[in-house]
Every structure is written in C-alpha cells, then in structure tokens.
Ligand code: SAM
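In structure tokens, the next block holds one chain alone, the form predicted alone.
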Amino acid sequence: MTAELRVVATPIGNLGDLTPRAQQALATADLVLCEDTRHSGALLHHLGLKKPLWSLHAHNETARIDSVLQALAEGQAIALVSDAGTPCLSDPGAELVAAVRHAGYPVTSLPGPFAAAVALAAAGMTPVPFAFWGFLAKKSGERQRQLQARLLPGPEGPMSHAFYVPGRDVPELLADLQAVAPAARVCVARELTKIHEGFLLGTPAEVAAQLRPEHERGEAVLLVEIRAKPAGSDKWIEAELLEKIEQARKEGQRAKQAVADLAAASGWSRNDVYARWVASDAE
C-alpha cells in the first residue's frame, strides 16, 4: 500500500452521510488521526472497524507532525478526520497537510459534509459569493470588532458570511450583530442533518425574539447576508472608544485635546466622546 495522507470528511450529525468512499478509506487505513479518540472510536465501532487512533488537535498538531512523517516513511496509509465535517476547515489539520506535502507524500481529500455549506444551501440566502470565518472571539467587544471588519457586501452585490457558534452563545452574538449590522438578514441553522434540524431567519432582533432554551444546545451555523455596507461601519464600537479613552488618560492627555482627537478618529461626536470621558473619570 502506498504511503499517503487521506483527509476524510465525516458526518456532522447523521451517520448516513458518510460516503462509501470515506468508509473504504478508513477501512484500508493503517492508522487514523482524530481530534477526540473516544468520539472517532465510536464512529469506527459503528462501522465495525478497529484501527490505531492517534489524537491530533489544536494543542498537539505541531508536535505530532514528526511522528506522522515517520509513519508515512514506513509506508503507512493515514486517515485524518475531525470530530465532525471536513478536517482543516475550522478544525485541526492544515499545518499537518502542509508538512506532508512539503515532505513529498501524496494527500488525498475525500469530500463530504461541511456545516457552513449545508446551512447555506438550505437558508435561501445569497450563495455566491460567501465567506467562511469559523468561530468568533469569546468576548463581546472583540467579537464586535471582528464583525465590523468582516461584514461587508461582495464586490458586485450581496454577500453571505458564515460563522460557527456554540448554541449557548447565540443570544450574545445576535446582540453583537444588532449593534453592528441591525438591518442584516440573518439565519441561525441548528441541529443540521439531525431530527430536530431548524432554521431561524430574520434580522438580528427578529431571530433573537424566536430563540427558545432548546435552541441553545449543541452548535449552530450563523449566516449573515450583507447587501450594503452597514451605516456607521467605519465608526468605532463603544468598547474600542472606551479603551482609547482609558489609554489617553493613562498617557496623561488633556481632556479637551484628547476628546477632539478621539472624535475625529472614531466617528463619534465630541459630545458623546466627552460624556464617556467624564463617565470614565467617575469610575
């Protein structure tokens, strides 16, 4: 058997989505690289397979490369899977793939589920162009900065943007979207390919009003369609303004000049900047 790395897409919820070719690739592999050996072990057990499992996740990918290259040098066929969906796309594997190619070994990609594409195909939103951004930052201020920088229309019209989000974070993320792009068309796609698959559509505020406790389970795909650059998108979010005010205070800047400079740079009015300057002094 020729040494090679096989990048194998696995189901995102419905085991029926595993392709015969993917099953054959796993069946004939000498070892399987996976994020969670317990999770992938259950998949292999379902298929009636027993294979050596090596963990490969965000915290050990770099350290794992040498041992993978050694296994390839010994002529082994290696399958790379993630917990769900296509490896390397917001999951570990890209660094390993690059190293394997650099070492001269073949890499084969076996197509299959990709949650962002599954959601986009069923949402009725602009399918092309679209951008996939993976997971957003944990803190609201940083998330809003990321959204403000990324949520743009396409060069010739509307554009959809796809994000992955833990279900428990959906309400907070919708609040951030309301602050950055309140008129955007939004879809929260949840439990994809499973029995309780569902889609919530509308503006950020309308989708937030549809949320129920059960919608906060698992993970979701958040789609945001932008038809025009959001009004005030060049304006700093409040968290950024407050950070700059704090920095100016620490540097000993005088209020009058600092407020004027911050107003010119931030898109906020002098009165609004001054009000926050005064409020920060009272804290």
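Predicted model only: the values in this text are computed from it and were never measured. Heads up: residue numbers just count along the shown sequence, starting at 1.
Not on display, but discussed next: the form predicted together with S-adenosylmethionine (SAM).
(request) Please determine, with the chain shown alone, which of 218-226, 240-248, 62-70, 45-53 has non-hydrogen atoms within 4.5 Å of S-adenosylmethionine (SAM) in the predicted complex. (result) Result for this chain: 218-226.
(request) Could you check which residue among 166, 153, 202, 182 gets a heavy atom within 4.5 Å of S-adenosylmethionine (SAM) in the predicted complex? (result) Of 166, 153, 202, 182, the residue with a heavy atom within 4.5 Å of S-adenosylmethionine (SAM) in the predicted complex is 166.
(message) Just to be sure I understand the contacts: of 133, 130, 114, 105, which is the one whose heavy atoms reach within 4.5 angstroms of S-adenosylmethionine (SAM) in the predicted complex?
(response) If I apply the 4.5 Å criterion carefully, the residue I get is 114.
(message) Since only the chain is shown here, I'm wondering whether residue 189 would be in contact with S-adenosylmethionine (SAM) in the predicted complex (any heavy atom pair within 4.5 Å).
(response) Residue 189: contacts S-adenosylmethionine (SAM) in the predicted complex.
(message) Can you tell me whether residue 90 touches S-adenosylmethionine (SAM)? I mean in the predicted complex, with a 4.5 angstroms heavy atom cut-off.
(response) Yes, contact at 4.5 Å.
(message) Within 4.5 Å, heavy atoms only: does residue 84 come near S-adenosylmethionine (SAM) in the predicted complex?
(response) Close contact exists here: in the predicted complex, residue 84 approaches S-adenosylmethionine (SAM) to within 4.5 Å, heavy atoms only.
(message) With a cut-off of 4.5 Å between heavy atoms, is residue 196 one of the residues that contacts S-adenosylmethionine (SAM) in the predicted complex?
(response) Contact check for residue 196: no, nothing within 4.5 Å of S-adenosylmethionine (SAM) in the predicted complex.
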